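Only one chain comes next, encoded as structure tokens, the form predicted alone.
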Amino acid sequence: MKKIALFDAKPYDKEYFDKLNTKYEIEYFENKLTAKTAQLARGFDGVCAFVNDDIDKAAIDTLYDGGVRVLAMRCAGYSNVDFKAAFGKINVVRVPAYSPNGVAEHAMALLQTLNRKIHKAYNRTRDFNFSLVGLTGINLHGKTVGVIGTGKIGQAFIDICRGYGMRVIAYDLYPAKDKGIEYVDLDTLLRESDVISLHCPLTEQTHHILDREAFQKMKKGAFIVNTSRGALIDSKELLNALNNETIRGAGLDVYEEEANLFFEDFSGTMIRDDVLALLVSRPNVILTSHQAFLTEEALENIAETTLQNLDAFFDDEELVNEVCYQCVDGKGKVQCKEEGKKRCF
């Protein structure tokens, strides 16, 4: 029986992997996978990691020296993996899509919570304060939403926005064909959008795609929603845009310095990230801790696809969900392998 080390394990991970696993000896580690903790996987055949693990060259080398030959990412993102270090040593597979509708629904929930001040109303009525002062929102019907990134999640969010009667414009380096989406350049999207929602991968091209210059180009009073990757937004410039009222509010499920914070309980700890502390304190910022994916359906899909990826690797079958530095073109687009090739190496 092959041994798998699953890092950054939470109770909900264990529940669904235990439910579906029939072939592997899985050991769950609460530690994140890093260069320091990689030694815990010595003697294992494979490892399973998540979005905030730091799988750099040192971690790859330690895993490889310890006998690991497959890295199964139980997520869609892979910007935290050093693919050049892994190539020729450890095959990397991922879960490309597990809850596009769930993430899109969470994005809309963040937007509506911000817009209609649901968080404020909830706290008020618990204190029997039934005043409506300060709770005014806007109609989303007829407003323009700019969607950056039109993959499966972006398209699901577009469908929701269309249901609200919103005008949708989009920006993507790789426009989706035959979807009836109105694509514009980034400057036009920033200038015309009442709501900007981020659904693109984090790459060199998209890092800080919303920076000082971008915020200066935005329509005054726009909402920002990010359920993708934190570093798509320059957090300090976001805070400045909130302070000068360039934007109306921000709904964030991710934060660029989240790696050592999210998924853990720090309620009794002094948080020494001043930008995060200021963002959380703002009444027009809603922050959730990377939970947009967290539905029962997604957790089951993640476990199922991850186990299927492991099956394919150990059974010497085609790795349909493999990613390596030769398969990624530097802009986040995964290209097809050579015809007849089952895996990258």
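Residue numbers here begin at 1 and follow the sequence given. On a predicted model such as this, the values are computed, not experimentally measured, just so you know.
Keep in mind the form predicted together with a small molecule is missing from the figure; the text below concerns it.
- request: Specify the contacting stretch among 144 to 152, 127 to 135, 266 to 274, 210 to 218, defined as having any heavy atom within 4.5 Å of the small molecule in the predicted bound form.
  value: Partner-contacting stretch among the options: 144 to 152.
task: Using a 4.5 Å heavy atom cut-off, state whether residue 255 contacts the small molecule in the predicted bound form.
output: Because no heavy atom of residue 255 falls inside 4.5 Å of the small molecule in the predicted bound form, the answer is no.
- prompt: Heavy atoms within 4.5 Å of the small molecule in the predicted bound form: does residue 290 have any?
  reply: It does: once the small molecule is placed as it appears in the predicted bound form, residue 290 has a heavy atom within 4.5 Å of it.
message: in the predicted bound form, is there a heavy atom of the small molecule that lies within 4.5 Å of any heavy atom of residue 174, even though the partner is absent here?
response: Yes.
Contact test in the predicted bound form: residue 113 vs the small molecule, heavy atoms, 4.5 Å: Residue 113: no, not in contact with the small molecule in the predicted bound form.
message: If the cut-off is 4.5 angstroms on heavy atoms, which of these, 161, 92, 200, 238, is the one near the small molecule in the predicted bound form?
response: It is 200.
- request: Could you tell me which one of 188, 260, 101, 205 places a heavy atom within 4.5 Å of the small molecule in the predicted bound form?
  value: So the residue touching the small molecule in the predicted bound form, by this definition, is 205.
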